[in-house]
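Have a look below at one chain only, the form predicted on its own, in structure tokens format.
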Amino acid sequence: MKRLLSNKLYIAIFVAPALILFIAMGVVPLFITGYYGLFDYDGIGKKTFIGLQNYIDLFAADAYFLKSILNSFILAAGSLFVQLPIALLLAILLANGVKGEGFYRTVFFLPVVISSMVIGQLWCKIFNSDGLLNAILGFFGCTDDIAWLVNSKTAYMTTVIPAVWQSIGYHMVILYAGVKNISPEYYEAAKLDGATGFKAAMKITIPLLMPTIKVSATFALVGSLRVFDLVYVMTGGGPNHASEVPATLMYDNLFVKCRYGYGSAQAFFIVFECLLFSFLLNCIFKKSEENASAI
């Protein structure tokens, strides 16, 4: 078996099916999308080549698209600086042997397995003018029924909150597995030096967990930049495009306005943006991973 795995030809044969499928289903459609972005095209009729004009218009002529990028950055910030710290805290607490560990792990992970469409409908019931949130505020003396979902100042935040909440359990499970994979010998040695609890978590758990944190951070960042379903269900990008994200604008241009060329340019940008920020995040975590491997 070892001899078989050392043969490059056999390795190529084993890898080839997955590689071919990835190229056919991922790489080729990506380049085709970028190609369509060079045309003024409605998806049916004649294509008119306009070069990079669609890509230029994304930033020079489409104020809604710039606003949607800012909205996706807000969600990305919420995912990285709110969602991940909460998930990390829960993972460390559960990994330390909390009573009912399995039960809590299942409960926290439950929102992940529920469809985003269902999650969106549930949170719409909370944020409706006659929903649960206004009922709670009314109980405490705030009698004004705020229309959270149709107010341009609050509409987008009503999608950010459930998006951050839904994936906490997902990242908690990833980080929990990472914490469980850390050898107890590190903690035993630290205990002899008087490092326990919070200090042990800061000096041992988090540094050794950096490769796993990088994975969770990458998933959280990319998921935020390409978010669609939750925003589409709850607000549809409204009111007056206040809660648009790039994916909802792309959907509107492709399937509602039949601006296939322009929508393809938006789709290509979303992929490029995800790749770019994934690369930058990898560079940021590179030094931390080197420190973790040196422990």
Partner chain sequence: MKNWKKVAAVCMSIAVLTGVSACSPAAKQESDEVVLDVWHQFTDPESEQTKTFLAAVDNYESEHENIKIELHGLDTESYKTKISTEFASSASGIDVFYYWSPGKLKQLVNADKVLPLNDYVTDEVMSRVKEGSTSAFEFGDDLYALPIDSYMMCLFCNKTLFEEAGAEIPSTYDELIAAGEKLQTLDGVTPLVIGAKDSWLAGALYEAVALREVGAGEVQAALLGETAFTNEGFKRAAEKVIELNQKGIFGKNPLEDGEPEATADFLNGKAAMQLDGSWFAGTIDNTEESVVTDVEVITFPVVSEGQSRTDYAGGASASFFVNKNTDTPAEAADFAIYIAEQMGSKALEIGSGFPCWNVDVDESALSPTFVSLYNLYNSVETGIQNWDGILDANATAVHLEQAQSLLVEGASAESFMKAHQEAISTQE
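Keep in mind it's a predicted model, so treat the numbers as computed, not measured. Residue numbers count along the first chain shown, from 1.
In what follows, reference is made to the form predicted together with its partner chain, a form of this protein that is not presented.
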| item | value |
| --- | --- |
| 4.5 Å heavy atom contact, residue 35 to its partner chain in the predicted bound form | no |
| Contact of residue 258 with its partner chain in the predicted bound form (heavy atom, 4.5 Å) | yes |
| Partner contact for residue 101 in the predicted bound form: its partner chain, 4.5 angstroms, heavy atom | no |
| Contact test in the predicted bound form: residue 52 vs its partner chain, heavy atoms, 4.5 Å | no |
| The single option of 137, 182, 86, 147 touching its partner chain in the predicted bound form, heavy atom within 4.5 Å | 147 |
| In the predicted bound form, segment of 52-60, 66-74, 22-30, 234-242 with a heavy atom within 4.5 Å of its partner chain | 234-242 |
| Those residues of 38-53 which, in the predicted bound form, come within 4.5 Å of its partner chain by heavy atom | 41, 42, 43, 44, 45 |
